[in-house]
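In the form predicted alone, a lone chain appears below as structure tokens.
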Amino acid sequence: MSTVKFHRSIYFPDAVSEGVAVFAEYGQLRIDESDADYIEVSVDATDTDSEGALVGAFANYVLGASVHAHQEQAG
């Protein structure tokens, strides 16, 4: 199992939730929002040999979705 932390000043919670939904077919992804500064996601890949790739792809997706959200917010 791996853990990814997304700082709330950069990453939108909706982008994290969207990423979890998109990558759910590749393993169990659980969101923990108990930290005031970070959204933490635990990733347990179905194929443990590809967990690093799943974590990387998931994190990149969330980053892209957050950038898009920031652009929309800026107008």
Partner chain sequence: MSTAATTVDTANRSVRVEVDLGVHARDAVFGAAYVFIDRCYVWLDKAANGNLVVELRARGDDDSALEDLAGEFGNELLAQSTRSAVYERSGDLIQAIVNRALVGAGAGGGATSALDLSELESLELDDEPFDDPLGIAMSWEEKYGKKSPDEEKTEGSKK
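Predicted, not measured: the structure shown is a model, and the values here were computed from it. Numbering follows the first chain given and starts at 1.
There is another form of this protein, the form predicted together with its partner chain, and it is not shown here; the text below is about that form.
A residue is said to contact a partner when one of its heavy atoms sits within 4.5 Å of a partner heavy atom; residue 55 meets this definition for its partner chain in the predicted bound form. Using a 4.5 Å cutoff between non-hydrogen atoms, residue 38 counts as a contact of its partner chain in the predicted bound form. Contact check for residue 22: no non-hydrogen atom falls within 4.5 Å of its partner chain in the predicted bound form. For the partner-free chain shown, 4, 7, 9, 10, 11 of 2-25 come within 4.5 angstroms of its partner chain in the predicted bound form, judged by any non-hydrogen atom.
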